[in-house]
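In what follows, one protein chain appears twice in different forms, each by itself as structure tokens: structure 1 and structure 2.
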Structure 1
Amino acid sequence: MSEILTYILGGISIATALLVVFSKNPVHSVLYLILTFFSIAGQYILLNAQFLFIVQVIVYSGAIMVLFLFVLMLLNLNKDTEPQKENMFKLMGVVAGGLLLVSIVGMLKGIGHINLPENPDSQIGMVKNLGLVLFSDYVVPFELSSILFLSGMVGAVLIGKKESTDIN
């Protein structure tokens, strides 16, 4: 049952990811990207990683994609206003995409050598277990990244404060 669901979700991920690239309309691309993120969130649920699921939904499908959509809606891009890219940019895109392809092929090459645990712990994705791991084994990177996020938030408030102080 869950194997079938995995394949269905994987199929949806790939199909919507392709549609992101091939859609003419940028807003449609973003909407397909939201679907891609949701199907990845579904994979997390199948792995019983509830916390990762909800973080994926809140952060990627929620906050980040809302920002993307917000910007694209404001710009109101369409076929007529799309600038023709120079050949240099096209070349750069080809190189960057080729590098991504190389790294994906490299990953696939190593797939046979992964040692999966015999009896994986199905409860590892629960909030409590994840929290214990984060605050014991990975406490330094965790604290550093939380400081980074807090400084990002404070930065946003500061940028807002800088402009015209006479409005209230």
Structure 2
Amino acid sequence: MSEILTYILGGISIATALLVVFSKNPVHSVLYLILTFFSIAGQYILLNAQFLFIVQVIVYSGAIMVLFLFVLMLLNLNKDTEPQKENMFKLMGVVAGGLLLVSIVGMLKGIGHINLPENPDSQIGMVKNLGLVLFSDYVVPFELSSILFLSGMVGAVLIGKKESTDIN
């Protein structure tokens, strides 16, 4: 049963991702991207990765998509204000797309079916186990990354702060 759901969610992911790329309306593209993110989140549930499911739903389907929708509404794009692209940029896009296609074909070569474990460990994707490993084996890199994020936030505040211009 889970293999059938995996194929269904995979098909939905591929179909909605293609609709994101080929949709003419940017708002429709964002809505299709939300559907893509939710179908990927469903695949995480099938893999028993609850933490990745929650992160996918909250961060990507929630915050990022709201940000995209607000940007699209604020930009108010239409044909008159849209800048025309040069042929060089179109050529670079075609070359990049071709290289991506070659990479995907090379990656998919020889893949015939999905190898799902017959007796999966029910505790492997749980948040409790992730926390235990994170705070025992990887506590030093975790704390160093928190210090890095803190210094980045302080730097962003200092850069964004307006300088006072005292005229005395």
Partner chain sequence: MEVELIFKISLVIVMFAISLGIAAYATYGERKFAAWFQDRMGPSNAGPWGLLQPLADGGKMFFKEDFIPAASEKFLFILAPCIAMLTALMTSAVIPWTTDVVVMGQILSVQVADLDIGILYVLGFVSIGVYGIMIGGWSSNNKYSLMGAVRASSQMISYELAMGLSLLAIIIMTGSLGLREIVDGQTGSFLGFLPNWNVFKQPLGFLLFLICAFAETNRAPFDLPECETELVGGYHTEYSSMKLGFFLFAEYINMFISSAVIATVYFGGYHFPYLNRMISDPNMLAAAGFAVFFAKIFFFIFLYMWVRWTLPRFRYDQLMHLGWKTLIPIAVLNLLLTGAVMILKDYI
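For residue numbers, the reference is structure 1: its sequence is counted from 1. Everything numeric here is computed off the predicted structure, so don't read it as measured data. C-alpha atoms forming the largest set that superposes within 1.5 Å between two forms make up the rigid core.
In this pair, structure 2 matches the form predicted alone, whereas the other structure does not. When the rigid core is held fixed, the Cα atom of residue 132 travels 2 angstroms or more between structures 1 and 2. With a cut-off of 2 Å and the rigid core superposed, residue 63 has a Cα displacement that falls short of the cut-off between structures 1 and 2. After superposition on the rigid core, the Cα of residue 142 moves by 2 Å or more between structures 1 and 2. With the core fitted, the CA of residue 154 sits 4.9 Å away from its counterpart between structures 1 and 2.
Taking the core as the fixed frame between structures 1 and 2, we note the C-alpha of residue 104 moving 2.4 angstrom.
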